[in-house]
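In structure tokens, one chain follows: the form predicted on its own.
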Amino acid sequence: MLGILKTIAATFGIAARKPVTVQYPTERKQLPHRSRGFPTLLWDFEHDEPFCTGCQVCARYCPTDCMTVTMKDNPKYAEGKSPRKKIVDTFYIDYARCMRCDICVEVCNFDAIVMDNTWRSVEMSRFDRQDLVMDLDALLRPSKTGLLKNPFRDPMGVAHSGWVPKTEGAEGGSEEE
């Protein structure tokens, strides 16, 4: 008899709690900073061009082969308005094949590609798979328009292992922040 009363009390206690669910289409929880959406390219506002040089390192390291990149000579470099000799000509990412592994961000030598950690990147459902192939303009749009304010770009080793580099003035072993 005591067990039945405890069960009923537990049931009513849980039923009286505030719900933790969110009415999704109208309300959204805040995504964690380290959440990874899809890769997107960054725009260099100082030189009015993408940071990407089209070096194809991200495409070579991509395990799903979802990227296509070509480069061209940068006309602004010849005029002395840009430090980049080459610049991206075409860039395609097939988001239907991308597995959000973050390898492209890791290997980029120019910090030109980041993981979009906004709801825009999470809500990518489409009726046609061809609509998930993003071109250069679509990949630059979040950065150009300011929708991508705080992208996730911490190195994978640091973010996942909890390892913290030594700080200046550390005596002996490693000092954690």
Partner chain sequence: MSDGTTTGQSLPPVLERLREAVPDISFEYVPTPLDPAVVVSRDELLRFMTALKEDERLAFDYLRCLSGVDYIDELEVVYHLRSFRHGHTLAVKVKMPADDPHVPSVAHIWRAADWHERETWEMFGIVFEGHPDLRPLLTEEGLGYYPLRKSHPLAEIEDWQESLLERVEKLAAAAAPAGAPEAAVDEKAQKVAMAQKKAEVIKKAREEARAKGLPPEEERKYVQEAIKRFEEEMAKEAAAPAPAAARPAAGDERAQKVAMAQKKAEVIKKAREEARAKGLSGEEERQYVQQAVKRFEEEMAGAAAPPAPQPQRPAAEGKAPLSAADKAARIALAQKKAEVIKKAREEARAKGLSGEEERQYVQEALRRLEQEGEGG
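For clarity, every value in this text was computed on a predicted model and none was experimentally measured. Residue numbers count along the first chain shown, from 1.
Heads up, the form predicted in complex with its partner chain isn't pictured, but that's what we're talking about next.
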If you check Glu27, Asp111, Asp131, Glu46 against its partner chain in the model of the complex, which one has a heavy atom within 4.5 Å?
-> Asp131
Is Lys144 one of the residues lying within 4.5 Å of its partner chain in the model of the complex, judged by heavy atom distances?
-> no
Do Thr64 and its partner chain come within 4.5 Å of each other in the model of the complex, heavy atoms counted?
-> yes
Would Glu123 sit within 4.5 Å of its partner chain in the model of the complex, counting heavy atoms only?
-> no
Does Arg97 reach its partner chain in the model of the complex if we count a contact as any heavy atom within 4.5 Å?
-> yes
